[in-house]
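Listed next as structure tokens is one chain, alone, in the form predicted on its own.
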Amino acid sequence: MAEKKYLIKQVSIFSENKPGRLAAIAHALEEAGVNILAFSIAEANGFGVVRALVNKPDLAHKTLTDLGFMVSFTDVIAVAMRDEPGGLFEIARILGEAGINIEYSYAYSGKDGAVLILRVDQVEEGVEKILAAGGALLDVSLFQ
């Protein structure tokens, strides 16, 4: 299936929300030679979830698991987005009209433009709808 080349393996790290935890994660990845390409942090009741795109997801998973962190993988997609008013609306409208729910999202502005990272409830259908509407998705090879 062609859509597979757009499914990016995101690393999710669960951790207590207290001083020094993010530094411990970042330092462990640095020592392992893993580059963090994008990330977000969400907090709930004293715990945090660090979601990250890294260049070596399997090594990141092993490194952090060996240190006692709870780590999981999630498929996300990365959409090249216009870096101007209305850019987010275009993508959200395509998915909303297709009945595809955005569970969470984060974005970054890279050297080639803005990128929207999406976790949707129907990943493969989301890829199909965005491509059919003329959207541009980033290939998984750019993140590994």
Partner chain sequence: MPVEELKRLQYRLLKTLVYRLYSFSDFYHARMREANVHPDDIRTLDDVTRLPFMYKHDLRDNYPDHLFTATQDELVRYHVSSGTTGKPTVVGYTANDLENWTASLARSLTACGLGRGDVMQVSYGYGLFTGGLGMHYGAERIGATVLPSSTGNTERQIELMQDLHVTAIACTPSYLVHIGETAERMGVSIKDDTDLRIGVLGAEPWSEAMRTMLQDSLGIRVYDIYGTSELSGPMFTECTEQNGIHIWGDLAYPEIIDPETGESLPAGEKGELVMTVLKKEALPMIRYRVGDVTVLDDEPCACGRTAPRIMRIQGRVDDMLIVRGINVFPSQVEHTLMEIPEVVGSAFQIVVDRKGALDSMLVRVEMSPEAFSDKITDLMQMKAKVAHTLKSSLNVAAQVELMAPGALPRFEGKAQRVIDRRVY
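In this text, all values refer to a predicted model and were calculated from it rather than measured experimentally. Numbering follows the first chain given and starts at 1.
Below, we refer to the form predicted in complex with the partner chain, which is not included among the displayed structures.
J.: Determine which one of 84-92, 26-34, 43-51, 107-115 lies within 4.5 Å of the partner chain in the model of the complex, judging by heavy atom distances; exactly one does.
T.: One stretch meets the cut-off, namely 43-51.
J.: With the cut-off set at 4.5 Å between non-hydrogen atoms, does residue 97 touch the partner chain in the model of the complex?
T.: So residue 97 does not count as contacting the partner chain.
J.: Quick one: does residue 103 come within 4.5 Å of the partner chain in the model of the complex, counting heavy atoms only?
T.: Yes, residue 103 sits close enough to the partner chain in the model of the complex that at least one of its heavy atoms falls within 4.5 Å.
J.: Residue 122 near the partner chain in the model of the complex, any heavy atom under 4.5 Å?
T.: Close contact is absent here: in the model of the complex, residue 122 is far from the partner chain, nothing within 4.5 Å, heavy atoms only.
J.: Within 47-78, which residues come within 4.5 Å of the partner chain in the model of the complex, counting heavy atoms only?
T.: Residues within 4.5 Å: 47, 49, 51, 68, 70, 71, 72, 74.
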